[in-house]
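Quick heads-up: it's one chain on its own, the form predicted alone, in structure tokens.
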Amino acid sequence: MGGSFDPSLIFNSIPKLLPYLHITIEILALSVGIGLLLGILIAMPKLYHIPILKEIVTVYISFIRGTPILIQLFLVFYGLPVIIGQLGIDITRMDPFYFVIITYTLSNAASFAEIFRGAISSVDYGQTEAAYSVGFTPWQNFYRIVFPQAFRVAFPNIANTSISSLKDTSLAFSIGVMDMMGRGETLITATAHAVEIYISLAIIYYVVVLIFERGFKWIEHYLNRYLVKDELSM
């Protein structure tokens, strides 16, 4: 345990933690960006009832949603080198940062797949029939008619999942990634003032989440701008 509570240490620690914020943002940006693309692909077998693939995807999503992210992180960090090692490839010295990206991408992809599945299913099938009647191919119908509407429906849940993922990135330090939490742990070791450091981290995370929430609300308003205009004109 450290000495008496020192409020000044809270504000003195923030400048020491902020330089590591970019690592947290990089983890979030890469895992969400790749996760969105992978999530769309994962949703397809369930949407179109593709045999075998549908069952594999269902088990994958169920496993990801039913296990803690920390367990998934350890499974990837310790398990992937063993699996890849069977192919004669040694990745034991790979930067832990990449194991974090892989873990969070797979985790986010499972969540996004379910979000997209529900959003795409909500689009009126009559619009697809109309698209086919004027000569659209299935691909043209998907990216010009279905996906834009589905993305607008899915966006609030995508935003919530992204914010949850931002907070989950605090676990990356557990496998050696020097992000804000990792830097915070070194400061705790050096100062023996855990409470003050954790309050500093909480302040930074809270402010970042508020900024993201404001940004996501602006994007959501932008995506729905035509709907707002239509409602006002009625």
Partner chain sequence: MQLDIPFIWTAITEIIKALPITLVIAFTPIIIGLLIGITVAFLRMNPIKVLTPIANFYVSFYRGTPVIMHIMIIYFGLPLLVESTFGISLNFVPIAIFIIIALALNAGAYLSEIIRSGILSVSKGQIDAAYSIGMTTTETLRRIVLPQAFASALPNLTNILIGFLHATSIAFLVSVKELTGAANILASSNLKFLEAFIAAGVIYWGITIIIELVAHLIERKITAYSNTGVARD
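Treat the numbers as computed from the prediction; the structure is a model and nothing was measured. Numbering follows the first chain given and starts at 1.
Separately, the form predicted together with its partner chain exists; it is not shown, and the next lines address it.
In the model of the complex, its partner chain lies farther than 4.5 Å from every heavy atom of Tyr98. A residue is said to contact a partner when one of its heavy atoms sits within 4.5 Å of a partner heavy atom; Ile71 meets this definition for its partner chain in the model of the complex. Using a 4.5 angstroms threshold between heavy atoms, Pro51 stays clear of its partner chain in the model of the complex. Although the partner is absent here, Ala202 sits close enough that one of its heavy atoms falls within 4.5 Å of its partner chain in the model of the complex. Contact with its partner chain in the model of the complex, judged by any heavy atom within 4.5 Å, is made by just one of Ala43, Leu36, Leu28, Met181: Met181. The candidate spot formed by Leu106, Thr186 and Phe212 lies out of contact with its partner chain in the model of the complex, as no residue has a heavy atom within 4.5 Å of it. Although its partner chain is not shown here, in the model of the complex the stretch 101-119 places no heavy atom of any residue within 4.5 Å of it.
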